[in-house]
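As structure tokens, one chain now follows by itself in the form predicted alone.
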Amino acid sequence: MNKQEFLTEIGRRLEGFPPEEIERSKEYFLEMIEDRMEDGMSEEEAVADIGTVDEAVADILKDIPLTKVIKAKMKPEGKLRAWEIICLILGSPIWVPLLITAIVLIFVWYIVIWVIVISFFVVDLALFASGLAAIVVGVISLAQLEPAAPVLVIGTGLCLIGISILLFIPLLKLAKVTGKLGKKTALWIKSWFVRRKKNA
């Protein structure tokens, strides 16, 4: 595949997006191809080194907001005919609730995952706070009680703090994974709209 075919295919896949967005993306990939050609690659090698058109479109979609993708792909390609408008109106009691349900389910799914992650952080913070409180109580009660009980309380407090510190790093990794999962979900939704266009 030469660079013109590659850029044309990118433009075709992004059809319906704002023209300036398409041009910016094509210029970016053209520059990448020409940089590789300046380094001694042939045109076909430079295009192959960048990857497939699917990979290029996926990279472009990462930078385009989901709302812009949906708006661009849901826009009718021409004027709607009278019978299409009638079908949309008559079918709206079915497709509007289904569309709203799908959007709400995706949103709720993402929120639930973040609520679980945040609740783990709250539990970790509670362990740390309980450990601090146990140490303070143990130190205060050292003067009033036999040393065995306050030392046990202080030891428990240190254990709680240690557990909370050990849990904190895996929880940070879990939060990063959740963030990446959200990005991948948005990219999957964007890709679905582009695939729908490609298959149409």
Partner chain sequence: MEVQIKRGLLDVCVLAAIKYKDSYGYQIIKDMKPYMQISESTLYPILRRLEEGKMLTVYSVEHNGRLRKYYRITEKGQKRLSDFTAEWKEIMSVYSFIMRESDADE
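Superpose the two forms; the largest set of C-alphas matching within 1.5 Å is the rigid core. Since we're looking at a predicted model, the values are computed, not measured. Residue numbers count along the first chain shown, from 1.
Another form exists, predicted in complex with the partner chain; not displayed. Remarks below refer to it.
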Legend entry - Within 4.5 Å of the partner chain in the predicted complex, all of 21, 50 and 60 (non-hydrogen atom): yes
Legend entry - Residue contact check: residue 56 to the partner chain in the predicted complex, 4.5 Å heavy atom: yes
Inset, instruction - Although the partner chain is absent from this view, report whether residue 12 comes within 4.5 Å of it in the predicted complex, heavy atoms only. - result: no
Legend entry - the partner chain contact in the predicted complex: residue 154, any heavy atom under 4.5 Å: no
Inset, instruction - Give a yes/no on whether residue 184 approaches the partner chain to within 4.5 Å in the predicted complex, heavy atoms considered. - result: no
Inset, instruction - Could you tell me which one of 160, 32, 167, 137 places a heavy atom within 4.5 Å of the partner chain in the predicted complex? - result: 32
Inset, instruction - Pick the stretch from 36-44, 127-135, 144-152, 167-175 whose residues have a heavy atom within 4.5 Å of the partner chain in the predicted complex. - result: 36-44
Legend entry - Core-superposed comparison between this form and the one not shown, residue 48 Cα displacement 2 Å or beyond: yes
